[in-house]
Each structure stands twice: as structure tokens, then as C-alpha cells.
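First comes one chain, alone, set out as C-alpha cells in the form predicted on its own.
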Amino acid sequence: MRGMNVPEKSAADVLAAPVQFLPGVGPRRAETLARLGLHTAADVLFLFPRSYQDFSRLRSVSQLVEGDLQTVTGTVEEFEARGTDSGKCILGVLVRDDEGGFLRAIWFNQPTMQERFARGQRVSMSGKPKLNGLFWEMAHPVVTPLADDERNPEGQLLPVYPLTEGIKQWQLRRIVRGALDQCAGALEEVFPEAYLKEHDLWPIRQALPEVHFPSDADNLARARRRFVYQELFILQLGLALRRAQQRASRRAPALETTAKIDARIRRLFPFELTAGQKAAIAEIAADLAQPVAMNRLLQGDVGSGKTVVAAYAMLVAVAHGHQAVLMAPTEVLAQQHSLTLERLLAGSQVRIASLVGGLSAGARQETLARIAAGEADLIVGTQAVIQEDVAFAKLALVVIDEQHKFGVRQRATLRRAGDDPHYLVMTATPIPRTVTMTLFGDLDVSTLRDAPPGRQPVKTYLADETKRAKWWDFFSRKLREGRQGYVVTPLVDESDQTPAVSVEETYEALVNGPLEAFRVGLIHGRMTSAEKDAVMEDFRAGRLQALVCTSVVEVGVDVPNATLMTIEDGQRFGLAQLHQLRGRISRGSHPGFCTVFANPTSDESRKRLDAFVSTTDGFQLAQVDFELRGPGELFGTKQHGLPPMRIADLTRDGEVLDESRRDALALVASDPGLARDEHALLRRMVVARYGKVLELGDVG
């Protein structure tokens, strides 16, 4: 074997090497790292820090200034948890710095914090110190465990990584540093050199060490920008490629809106369209006139009149002898749409069919036969409309209501339901602009911001138990005046795990208490379709004065005389859901009143409820919700099917998102399919990350 040449590992082999072969890992620690999703060297290299410990304000205890944000490093001398007379817990940790000064860190009602400390342990404490007699104290400081040799991190920004049981922060730092030393040289640059210069981006081999162990804040900003841009650019490339493919391959019937068709449709509407509705209709009509499938998102606040815009688009399809389908996420909403369209089109020849899961076998077969024979022009239903046994005679337009209830894959399934129909999706949950560009980047967007004339305001109140009797007196008085109201609870039944008022318990308490003189109905998700329909019809007709319900009425239910809403356990609803619920009232000529009874248990739930009562602007609330919850819950969710962001943060990276989107569209326009050699790595990266979920398998 002597003299035999051992081939060097390729770059791909180096990056794909199992994590156990990195310095300081081994088989046992590799099992721990696997819980963090770290299986290869590349996984470790691209485990971006979630934050940084800033030692630029490192002080010894003798140098501390009261009230300023500062950091002290030292050794844990002792710690003790003790109870107070009121039953609360106080944890005190005494830290000695390298000069012999002492700092006391204290935490209130966090008894598990003491599990993070051991005598002799090296730590840093960051917070705002206060002089208490002769001793310095920090309340609830940020704690970072340090390795024994991390003695002088002055001026440094140390990375803080996500952890799992069995590994400490300093250990993970060493593993990442070892991976950089051993493997960073194998990284390939996905951007052509000219592109890096043109867009002022650092090369990957310069940026990666600095994003993990920054020399200073400026270098960190440059390094982070490189990876934020790359992550968003790759996503936007995928969306741009998907859009280009759809436009190239999805041939659809050209449905021109002539002056005659426009006049016939508008005659059916017994009201004047708003400026926003007119603008959205013009955009949709322009799309429908093309022989390429429309892909448009119609977003608007609750009550902005999206259904009318959708009805206009569907009637354009019918005017050309085609069918249109409207799909809703719940049977209650589907039935509501059917009733709305039947009222709107009562004087026309348009034939409407309803296809929901609760139909009897015979009724379903009869409806399927009508659809297949072209004897139904408008089909309204739930997900039942995308099942395999549904055959359309001449489907030209698909409208999906409440887009956020449907995932990327469901959109693709419906796409295959007809011969390349035009495609309009609606959402009554206004979406922050950055999220719209990210989740719906393959769609054109129309936005309705103005409410139809005559829509009355809703006054919203946040109340505690002391206001309950006064509210029910007011609620009862309005019912006697002829109004109707909802009482919404978050759960169907009681649960030991989530103690909230159940809908049945609420119903019993009201019919035997403050609402005993009124006709009260009950509706929730566990009832059969027929039961729910019957209750809703009684409520619409005024035979019921109040309706006790779960969030099954969240979207689409339209009873103009309902002007009152009570929401129980408001802290259990999301901000968008609260806004949707409130949108059920004041849909007629009388002002609305909404009171939320809540017991917020966190700062976030308090801020959410305060925002809800402060404004009825859904777009403003969507932005507040986004800032409170962050991108994690709104982006990368299972329903959308897209992988989560690794480093980009849509709450702060909006400008980079704008830039990356413009650049991606320009690149795909200049090089469709990314076919040029210098774009081969970009193409490969797009397909690897988004090819499956965006159906880009044929790219390249």
C-alpha cells in the first residue's frame, strides 16, 4: 500500500461529514447535537446564533454605574432560594469578579433558575445594576455560562445558540469554532463574483466566521446581511420561478369583460361599489382577459366587500359559458356564501349548487351529476369540491376564501381540479406586507381598505368581573330594542388542562340568569351540519335573539341585525381571531358593541388585548400581531409547507426582502429557469430548499 495516493475529500464530502467527526464531538455528543437538527458539518456551520452576548460594556464590580446596561463576568460563590411570607420565591446568586468584587443577582418567582447554577461556575451577568446599601444588585439579569478559559471576553460579541439538554453554550461555541477551522474552506460561493460586488455582499468565506464570532458590531452587520439576503433571495427566486412556470404552462380561457357584460353584472348589485372594489375588479378583469391563468390574492379587512368582488369575477366566467367554484374552509361559511349569492343573484338565470360534506349520499350524487353536466354555473363548497369524484364540465375560475386556512399543497391540488382555471384567493385576515411577499410571492395582490358606505363603527371594551352585571344589563336592553347578539367562548367543554368557561356551561348560566327572558341558541363545532344550519337559520331569521357559540362563527357569518358581542376568556384568542369575531357585528345600519372579558396572564396577552380595543383597523392589528408573535408562528408554519427562516427576520428585514425580491424577479426575467452556467449553484440551492413545496422539480 506504500506510495499509494489517498484521494483528497471533495468539498461536498467535507460538508456532508457526520457531526461526530468534528473536533470535540464524538459519538455520544453527536446524539445530543442531533436533537438540535445537527447531523453534518454543514448543519453546524449554518447553525446561526439566535443572539449575541455583548461584552463591549464589560465592567468590573468596582466600575459599575447605577442604571446603565452593563455586563459583569465572574465566579458563582453561592446561591440560595427562599420563600417570602406572601408565598413568593426569591433566588439570590452571589458572583465574585476577578478583582474580588461581589455582585448579587436576584430573581423573583423563578425557582427553576437555581438549576442553572453551580458553585465555582464561570458566568456573565448582563443587566442594569442598582446599589443596595453596600452591595450591587441586578434584578433578572441575562445569564451566559462561560468556559473556564473564557476569562477576558472584553469587547467581544459572543454567539448565543439554541441549546438542548446535555450541552452548554460554551461547549457549542467550541464545536462551531472547530467546524469553521476544519470545514469552512470547503464552502462554495453561490453568487458570481460580479454579483457580490454589484450588490455589496461579502463572500461566504469572509461572512461565515464573522456571523459566528464577530470582530465588532459593524462586521456582524455586514456578515448577517450577506446571509439574510441570500436566504430571502433564494426564496424569492423560487417564487419567481414558480410564477414564471405558471405563466408559461398554465393556459386558461381568456374571459374578456366587455361593456355589455360589465353592465349586466352591475345591474345585479343593489348598491354602489366602493373605490377599492372598483380598483380590485379592474385588476381581476385585466387578468381574466388573458389566456394565462390568473393567480391573484384579494385581501381586505372584515366587511370590506370581498365577496362582491369575487361574485363579479365568477359572473364574468358564467357570462362566457363557464363554471366557477367558491371554496370556503367551513360548512358554516360555505352555507353563508350560498345564501349571499342566492340573494344577490335572485333575479338572474345563474344556477348555484352547494357541495359540502354534510350532504346525504343521494343529494351529493345529484349535485355531482349537475356539476359534471354543466347544469350548475356557480359551485359553492368546502374542501369537498377538490375530492376526486368531483368532475367539472367547464371550470374557468376557482375562488378560495380564507386563504390562510389552506396550505400550499391544497392550492396545488385544487389547481389540478380543472383545465387550468383562473385562480383568486381571498383573505379577511389582513397580512403584513413582508409576510404577503413571502408566503404569497407567486401571486399578484389586490387590497381592499375602505368599508362599504353605511357600515357602522364598533365600540370595543376590555372588562373584568366587576363590570359583568353592568354589561349584561346593557346587552339585555339592546335585545329588548330589537337587536341580536353573540356570546363567544373558546372551548366546547371543560378541560382540566385549560380551565376556561365551556360553551355549554356559558349557555346554561345565561338562560338561567341574565338572558332568561330571551330566546337563546347554542352552536359549536361538534354539532352536525344540519344542527348548525338550523340554529344559524333561526338566528338569521330573528327567531333567536342571542347565540352562544365557539369561534365557529369567526368568519363569514352575516346577520346585519346582530350588533352585540360578548367574548369570554379573551386572552385565549389570537389577535386576528378576535378581529374576525368582532367583524360579525355591526354589519347593518346600527352601531356595534363588543366587550371582552379576559384575564391576561402575560405581557403579550395584555398587549394583544390592548391593541384589539384601541383600533378596528385590521391592517394595523395585523402588524401589531406580527410584531408581538414574530415571524416564527406566521411564517414557516406547517399549513404553508414552507421551511422556516434560519436567519432572516421578517419583522426587521423588510428592506432586504424588498431588495431580494426585485433582484430575484430581474434575474429570472434575464435568465428564465436559471439556465446559465454562472447560476448553476443558485438553481441547485433553490431546488434543494423549495423545489418540492413549490413544485419546481422541472427547473434545470
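Just so you know, these numbers come straight off a predicted model, no measurement behind them. Don't overthink the numbering: it's just position in the shown sequence, from 1.
Unshown form predicted in complex with adenosine-5'-diphosphate (ADP); subsequent notes refer to it.
Remark: of stretches 274 to 282, 388 to 396, 129 to 137, 357 to 365, the one touching adenosine-5'-diphosphate (ADP) in the predicted bound form is 274 to 282 (heavy atom within 4.5 Å). Checking 574, 560, 111, 166 against adenosine-5'-diphosphate (ADP) in the predicted bound form, a heavy atom within 4.5 Å turns up for just one residue: 560. The contact residue chosen from 579, 224, 306, 212 relative to adenosine-5'-diphosphate (ADP) in the predicted bound form is 306, the criterion being a non-hydrogen atom within 4.5 angstroms. adenosine-5'-diphosphate (ADP) is not shown here, and in the predicted bound form it never comes within 4.5 Å of any heavy atom of residue 449. Proximity of residue 331 to adenosine-5'-diphosphate (ADP) in the predicted bound form: non-hydrogen atoms within 4.5 Å are absent; the residue sits far from the partner. Put simply, residue 301 is close to adenosine-5'-diphosphate (ADP) in the predicted bound form: some heavy atom of it is within 4.5 Å. Contact check for residue 629: no non-hydrogen atom falls within 4.5 Å of adenosine-5'-diphosphate (ADP) in the predicted bound form.
Shown without its partner, the chain has 587 as the single residue in segment 584 to 614 with a non-hydrogen atom within 4.5 angstroms of adenosine-5'-diphosphate (ADP) in the predicted bound form.
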